[in-house]
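Coming up is one lone chain in structure tokens, specifically the form predicted alone.
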């Protein structure tokens, strides 16, 4: 089925979001940086995978780390381990957690773990929510940033208080850090400092880092050794994972130093959006490189306006809109390498036109 907004976005010279197209070139560019004689990993072993795991364990401040082909696999395994440790198959997390809304009940169907949904859908989990937990819960998952509500983050003091409470009560605290590196500029903390508050942590290498796929699960030595067993049981020990590992390492080195720039770009861009009629961003001032844009106009009315803007200015703002009731819609913005490539005058012209069209649509 034809998607005019997607097609117009793909034709735009200056897309606002992301690092670039996800094509074969992403992998080719990464592989070109390595010696073709470098030995691949084999079933989770070998210098290539072990060196990368050690490197990431050091960056995250954990005793050990294990590379997984997917974050879905890594996080289900992390929660399974913590539930087995306590002998209680209950895990708490946000109602809009990835495990709850994107994994077809995998945690329950594969591991028999009962999810305990904590807090409200439209807000962050707070200390009071955690204090209300039944102590039979084995573990708590916190996502930083909370993607489905605009990438919001708790105050760091609140995070420290939650961590201390969980340790006092024997509740394992797991970090869904799919976008962990993207929040470091806001917290003004290192990855290791943040991860010190958690018993285990998962990070992704295809979101802000822009690799082709893959994830790291980190924790103490006993935890990671158990995760290797579950990784084998899940079929995650492919004969070789080197395309994922090499692209993860290559793009980590390339993009990790740019997280401050992406964060600054998100704050600047949110300012442009918030000056437009009928638009608000969530959060108003972003706390990472991502945020949501809410428009008081139905999707079917906004789409043609955006297509016109893309065609007139060659600036592509988003490729997809999500309905938010009958009279409004929203979309997600995630800043990467592309944003810095847009000439400022072209960007300003696109937003002036957007504001004009939204004003006349009132």
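Fair warning: this is a prediction, and the values are worked out from it, not measured in the lab. Residue numbers count along the first chain shown, from 1.
Below: the form predicted in complex with another copy of the chain, not depicted.
For this session: Specify the contacting stretch among 98-106, 164-172, 113-121, 189-197, defined as having any heavy atom within 4.5 Å of another copy of the chain in the predicted complex.
Result: Checking each option against the 4.5 Å cut-off leaves 98-106.
Exercise. Pick from 338, 349, 22, 11: which residue has any heavy atom within 4.5 angstroms of another copy of the chain in the predicted complex?
Worked result: Of the listed residues, the single hit is 22.
For this session: Answer with one of 40, 54, 324, 296: the residue that has a non-hydrogen atom within 4.5 Å of another copy of the chain in the predicted complex.
Result: Selected option: 40.
Exercise. If you check in the predicted complex, is residue 287 within 4.5 Å of another copy of the chain, heavy atoms only?
Worked result: The answer is no: residue 287 has no heavy atom within 4.5 Å of another copy of the chain.
For this session: Report whether the minimum heavy atom distance between residue 244 and another copy of the chain in the predicted complex is within 4.5 Å.
Result: Residue 244: yes, in contact with another copy of the chain in the predicted complex.
Exercise. Using 4.5 Å between non-hydrogen atoms, is residue 70 touching another copy of the chain in the predicted complex?
Worked result: Heavy-atom contact with another copy of the chain at 4.5 Å: present for residue 70.
Problem set entry | Non-hydrogen atom contact residue 27 with another copy of the chain in the predicted complex at 4.5 angstroms | Heavy-atom contact with another copy of the chain at 4.5 Å: present for residue 27.
Problem set entry | Complete contact of 255, 276 and 278 with another copy of the chain in the predicted complex (any heavy atom, 4.5 Å) | No, the whole trio is out of contact, none within 4.5 Å by any heavy atom.
For this session: Go through 211-236 residue by residue and record those having a heavy atom within 4.5 Å of another copy of the chain in the predicted complex; state none if no residue qualifies.
Result: Heavy-atom contacts within 4.5 Å come from 212, 213, 229, 230, 232, 233, 234, 235.
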